[in-house]
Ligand SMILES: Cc1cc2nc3c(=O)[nH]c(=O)nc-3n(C[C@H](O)[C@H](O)[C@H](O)COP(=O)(O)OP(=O)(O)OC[C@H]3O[C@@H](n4cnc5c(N)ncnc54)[C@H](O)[C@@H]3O)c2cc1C
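One chain follows as structure tokens, the form predicted alone.
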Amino acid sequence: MEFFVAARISNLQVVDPGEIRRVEFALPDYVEIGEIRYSLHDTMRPGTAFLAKPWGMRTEKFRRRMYTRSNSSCLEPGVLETFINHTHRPLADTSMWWQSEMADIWYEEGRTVEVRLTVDESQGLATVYENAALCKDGNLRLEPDGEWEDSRLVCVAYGTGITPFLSYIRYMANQAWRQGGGKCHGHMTLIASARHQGQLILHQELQEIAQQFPQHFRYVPVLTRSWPEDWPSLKGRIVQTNVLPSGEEQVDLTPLLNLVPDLSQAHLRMCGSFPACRQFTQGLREQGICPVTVRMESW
């Protein structure tokens, strides 16, 4: 049996008009199932996703959707933040609803969206359901504490694919980077690719974290279609393609390797559209580059 709780839409913020919105859901302190009250605990691991049932604009019914969490349960328990983009696909449904005036009205009225729970009846506890319980190649769940602290991560995000890595960064900064004392020797490089500057998610916050923890975190924003004249970071695609005389596509990783020439010594994490991630992995194979581990989520 599945269990759900009504979570209030507590924030609905425009990032890029008609394209990307920041959404927050506020969970109650408890849930009543039948005549039993269960305490509601937020223990979500960075890199995982929760299941919600927003409204579908096209189908005019509630739909089940997974949303990767971008904040950290250790810093904001009970508040589920995510970033939702408009897919612009012919069968788009909930993605277009989140960009609509109806979604604005729901937010202004304090209406709720159901979020799935995991219920432990023996303990009298309920927790937010997570899409991944174990770390596997096809998910981005952060490794257990005690494993990631000394790892070197290179995270490549396309558009809203930055979402799981935002959860990583906030968790890592709170759990290890702020402690200092040389206890954490790991490092994370985040390469965030967006079409234009308005689509860079939490750009200022990431710059500030990079300035605060330069020994642990490097932030590289990349703009692929348009940029200000004084844009100081990378311009153009980090993974490029060339068409050979035979008609075959050859992937060029030169822009990326200029940023991380020792990629084979890092743990690679990717998140974004399936075509973008496919090109990336194809380029790795063609050039014989084998990172320590490779894990990704794509859609």
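Here the structure is a predicted model, which means the values were calculated and not measured. Residue numbers here begin at 1 and follow the sequence given.
There is another form of the same protein, the form predicted in complex with the named molecule; it is not shown, and what comes next is about it.
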Q: Please name which of the stretches 171 to 179, 116 to 124, 204 to 212, 89 to 97 has residues with heavy atoms lying within 4.5 Å of the named molecule in the predicted complex.
A: 89 to 97
Q.
When the contact criterion is heavy atoms within 4.5 Å, does residue 167 count as touching the named molecule in the predicted complex?
A. no
Q) Given that the partner is absent here, does residue 38 sit within 4.5 Å of the named molecule in the predicted complex, heavy atoms only? A) no
(Q) residue 66 versus the named molecule, in the predicted complex: is there a non-hydrogen atom within 4.5 Å? (A) yes
Q: Using a 4.5 Å heavy atom cut-off, state whether residue 160 contacts the named molecule in the predicted complex.
A: yes
Q) Of the residues 83, 106, 129, 148, which one places a heavy atom within 4.5 Å of the named molecule in the predicted complex? A) 83
Q: Check each residue of 275 to 298 against the named molecule in the predicted complex and list those with a heavy atom within 4.5 Å, in sequence order.
A: 297
